[in-house]
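Take a look at this single chain in structure tokens; it is the form predicted alone.
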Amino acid sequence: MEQVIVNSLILGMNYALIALGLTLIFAIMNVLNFAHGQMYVLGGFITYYALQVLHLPFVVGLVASVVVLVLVGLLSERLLFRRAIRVSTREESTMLLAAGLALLLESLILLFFGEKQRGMPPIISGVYQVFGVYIPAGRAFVFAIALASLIGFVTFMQFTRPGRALRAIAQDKEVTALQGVNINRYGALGFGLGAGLTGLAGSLLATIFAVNSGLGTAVSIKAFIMVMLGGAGVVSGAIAGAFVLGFLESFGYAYMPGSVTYMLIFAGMIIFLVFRPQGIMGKPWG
């Protein structure tokens, strides 16, 4: 049982980075980014090739993944979503655009990286034993980086001028614009940060789980589950939803087949949302 709890914490911490990226983009731009999973896969592949093909240090692969995904996010917002939001009168337009971007990224990933599943050896070898629980050193290292990144992101959002501007836009875009905040600039920043967090999660989890070009849709589904459970557009809700899913997955995979685990997760999510559609941390709509 203790081992499952430790695995849940490690998984939930990395899932939080994915959920935060998605909820940030949704809160700032009201865009459901269906390409979120493909951005995760791209981050994992970049780190894999940096380490296994170019034989670069892990930190270089990690930074390269984050930088590339931030650029992908910035370009996606600037060239695609900004115009769609400006000229369209229907919210469905951005959803269709995001779905198209997901298909495009998945095709490009398949073209450049192939269809084979890629895995990496642990970044740090060895195993720690703490109170009878065995923790691989590589997973502990990944947990530490994810925790530091999560703390850094929350600190940025709470105590910096750009972070306060992003939170203000999420609360009321029109009033924030009247206060002189450049909505376009901070919208691009939010999209870039969201994509960068996802690339970071892809890099870290690629050292634990293998990555392949078809993984994006499954990751996107998990991201939406986390956001719906925690509360759409709520940072604390995204973190809560990530740990809930991490615990459910770890306990389920430890005691039952994977297909049964996700069947129960989906059934439980539906029942939960019937009684609390705003999620754990979200406020009632209307």
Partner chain sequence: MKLLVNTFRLFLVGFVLLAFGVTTSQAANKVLKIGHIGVMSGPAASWGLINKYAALAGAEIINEDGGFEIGGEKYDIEIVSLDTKQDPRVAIAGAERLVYQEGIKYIIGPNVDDTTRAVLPVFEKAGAFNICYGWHRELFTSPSKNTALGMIAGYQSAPVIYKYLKEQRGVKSLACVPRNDASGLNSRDSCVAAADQLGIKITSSDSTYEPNTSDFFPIMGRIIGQNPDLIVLSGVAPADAPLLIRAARELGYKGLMSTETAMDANIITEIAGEMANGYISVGGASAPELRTDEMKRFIERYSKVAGEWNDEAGTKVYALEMLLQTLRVAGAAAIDDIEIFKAAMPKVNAEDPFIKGGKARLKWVGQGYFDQLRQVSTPMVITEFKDTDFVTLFIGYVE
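Treat the numbers as computed from the prediction; the structure is a model and nothing was measured. What we label the rigid core is the largest C-alpha set whose atoms superpose within 1.5 Å from one form to the other. Positions refer to the first chain, counted from 1.
Omitted from view is the form predicted in complex with its partner chain, to which the following refers.
Comparing 78-86, 185-193, 92-100, 205-213 against its partner chain in the predicted complex, the single stretch with non-hydrogen atoms within 4.5 angstroms of it is 205-213. For the chain shown alone, Pro122 is a contact residue for its partner chain in the predicted complex, at least one non-hydrogen atom being within 4.5 angstroms.
Residue contact check for Tyr49: none of its heavy atoms lie within 4.5 Å of its partner chain in the predicted complex. Using a 4.5 angstroms limit between non-hydrogen atoms, Val60 is distant from its partner chain in the predicted complex. Shown alone here, Leu11 lies within 4.5 Å of its partner chain in the predicted complex, counting heavy atoms only. When its partner chain is considered in the predicted complex, only one residue from Val127, Val154, Ala140, Leu108 comes within 4.5 Å through any heavy atom, namely Val127.
For a residue to qualify, one of its non-hydrogen atoms must sit within 4.5 Å of its partner chain in the predicted complex; all three of Asn7, Ala218 and Ser250 qualify. Taking a 4.5 Å heavy atom cutoff to its partner chain in the predicted complex, none of the residues in 16-33 make contact. A movement of the C-alpha atom of Gly252 reaching 2 angstroms or beyond is seen between the shown form and the other one when the two forms are aligned on their rigid core.
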